[in-house]
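Shown below, as structure tokens, is a lone chain in the form predicted alone; questions about how it binds or moves come after it.
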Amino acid sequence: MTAPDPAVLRERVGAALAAFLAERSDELAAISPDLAPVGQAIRDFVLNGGKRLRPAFAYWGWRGAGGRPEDDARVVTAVAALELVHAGALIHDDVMDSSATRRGEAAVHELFAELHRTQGLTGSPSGYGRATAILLGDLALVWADEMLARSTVPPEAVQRARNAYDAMRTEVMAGQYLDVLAQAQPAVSAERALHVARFKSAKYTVERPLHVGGLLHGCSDALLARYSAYGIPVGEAFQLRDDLLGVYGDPSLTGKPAGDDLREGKKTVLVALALEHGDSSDVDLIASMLGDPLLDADSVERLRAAIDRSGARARVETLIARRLEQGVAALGTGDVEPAAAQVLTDLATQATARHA
């Protein structure tokens, strides 16, 4: 089994998305020329950036189940639909978090708030931006279903994959609600924060895409179980790495201002561990400053230092290493095609790397 270069797979997924979104944008323009900014915004958001992790895990779930390279053109189009699910979730997430940027560019709600200002529209620019972003996120989710259904994968294969695809969408929305709830609660344990992360990100980033890909080929229940044994810990490690990057990451790599998660007051596993293990003065400092949208660079550094002193950063690194090891070990015997197992090992390492 020859493994395509990951960059080549990303390009193929991007090309499939570009072709599909061009057709959908034309449909919007036929409804009204006023919809041109909507189609353009979704195309820019989806096509300009992103690691394409979910399509990659789905593709290798298909190959790991025995999918043949000569059949993969139609499968690439099918798994590319997962990127539209991700786009819808991110657009909505930025509205819920009031995030100003995404991937180094203005978040969609900020983009349309600025459009409101430049066009001299009446009413609230921020309200217009939020309302439009909610609609664009919904539209991306609708188009994800359409792209999956319109792929040239046999209908019976798509139907097999629908259970995992539908479960993925339900789980990520449930996880998003649990996250919203956690932000409204006075305290969240590390165990609770990890449970939220599992459903908000881990399962929908790795486990369910693997299931979708495997079921597109018609894999066994035993292989689905192995994909879960790999996917859940690797997905959790991915989210834990993302939590660290949200506090310590380089803005040139993350596309967001340094310490943005601290300004947003995200109650991640990292923050929960800092509050559980920090001394009283550091706990008081974290509790008083976390969630202040006006935190300056010095305040961000003070919070980072307090988190470091608690040992939370080191504990999260240990959790990442253990979960990565656990997930990769689950690929070790029999059910997964060997070349696919190697690629999945590499994907897990890349997705959880310190610079990811």
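Numbering starts at 1 and follows the sequence shown. Bear in mind the structure is a predicted one, so any value in this text is a computation, not a measurement.
There is also a form predicted together with a further copy of the same chain; it is not shown, and the following applies to it.
Taking Ser228, Arg263 and Ala287 together, does each of them reach a further copy of the same chain in the predicted bound form with some heavy atom inside 4.5 Å?
No.
According to a 4.5 angstroms non-hydrogen atom cut-off, is Tyr128 in contact with a further copy of the same chain in the predicted bound form?
Although a further copy of the same chain is absent here, Tyr128 would touch it in the predicted bound form, with heavy atoms inside 4.5 Å.
Since only the chain is shown here, I'm wondering whether His92 would be in contact with a further copy of the same chain in the predicted bound form (any heavy atom pair within 4.5 Å).
Because a heavy atom of His92 falls inside 4.5 Å of a further copy of the same chain in the predicted bound form, the answer is yes.
Heavy atom to heavy atom, is Val76 within 4.5 Å of a further copy of the same chain in the predicted bound form?
Flag for Val76 set to no.
Consider Leu141 of the chain shown here, and say whether it contacts a further copy of the same chain in the predicted bound form, taking contact as heavy atoms within 4.5 Å.
Contact with a further copy of the same chain, yes.
If the cut-off is 4.5 angstroms on heavy atoms, which of these, Ala314, Ile31, Ala297, Ala305, is the one near a further copy of the same chain in the predicted bound form?
The option sitting close enough to the partner is Ile31.
Under a 4.5 angstroms heavy atom criterion, identify the one residue in Ala157, Leu245, Leu194, Leu178 near a further copy of the same chain in the predicted bound form.
The residue from Ala157, Leu245, Leu194, Leu178 that makes the contact is Leu178.
Quick one: which of 232 to 240, 273 to 281, 184 to 192, 215 to 223 gets within 4.5 Å of a further copy of the same chain in the predicted bound form, going by heavy atoms?
Only one stretch qualifies here: 184 to 192.
Would you mind checking 153 to 182 for residues with a heavy atom within 4.5 Å of a further copy of the same chain in the predicted bound form?
Those in contact are Gln159, Arg162, Asn163, Asp166, Ala167, Arg169, Thr170, Glu171, Met173, Ala174, Gln176, Tyr177, Leu178, Val180, Leu181.
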